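Okay, here we've got a single chain as structure tokens, the form predicted on its own, with questions on binding and movement later.
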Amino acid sequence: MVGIRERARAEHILDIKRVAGEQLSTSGAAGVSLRAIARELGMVSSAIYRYFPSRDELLTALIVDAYDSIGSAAEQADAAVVDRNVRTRWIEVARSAYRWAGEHHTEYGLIFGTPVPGYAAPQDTIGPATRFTTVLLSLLVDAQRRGDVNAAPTTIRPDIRRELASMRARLEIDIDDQLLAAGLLSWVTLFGTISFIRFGHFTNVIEDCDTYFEHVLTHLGTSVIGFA
């Protein structure tokens, strides 16, 4: 059973994160200030350091929360596809990222926007950061295992093949060069498109961004990756 002290600590941490999120939305990551948060919450400035010894540790907590949140959205979207068709799973997972970015604009900017000056993400962020890509990789693995890929072969330069081999070893996955290269291109294009839309770079260029996004993810799934 969680004790009174533990509950109180958890509530204080949630309050600190909430105010930090408000600072993020108004001033960006560089504007997050532990002292300002303490003032907002009516805490003495020294007390807040018992929860987060530095601004960077608070940023890390926010980044981990954001990665876990978008990763969870992808996992739930994938699990909801009953027939396990890989093309349908790709579309639903991609849509989950798009929706999440629209509903969590500040958090999306924190993990996919401009790097925070002077901040270096620690090892703690790696696991949460890979949750979304792990879902995408599972689609590629399943598609290759089931033979549900029919994209036309493309030429891959030897130096890129070496990069793919290194990636395969690090991730401990068995995906051939053609499919892994296509998956990597699709992952980058997916989030590049989401960022262009969510950060307003399509203003006066694309009027119906939702429809354009659907076009992009369908093209990536069928023409680039080649899900059958």
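If you superpose the two forms and keep the largest set of C-alpha atoms that fall within 1.5 Å, you have the rigid core. Owing to the predicted nature of the structure, the values given are computational and were not obtained by experimental measurement. One rule holds for the numbers: they count along the sequence shown, beginning at 1.
Another form exists, predicted in complex with another copy of the chain; not displayed. Remarks below refer to it.
Another copy of the chain in the predicted complex is approached by Thr193, whose closest heavy atom lies within 4.5 angstroms of it. Another copy of the chain is not drawn, but in the predicted complex it has no heavy atom within 4.5 Å of Glu172. Although the partner is absent from this view, Thr26 contacts another copy of the chain in the predicted complex, with a non-hydrogen atom inside 4.5 angstroms.
Taking non-hydrogen atoms only, Val205 approaches another copy of the chain to within 4.5 angstroms in the predicted complex.
At a distance of at most 4.5 angstroms from another copy of the chain in the predicted complex, all three residues Thr106, Leu185 and His215 contribute at least one non-hydrogen atom. With the core held fixed, the Cα of Ala30 is displaced between this form and the one not shown by 2 Å or more.
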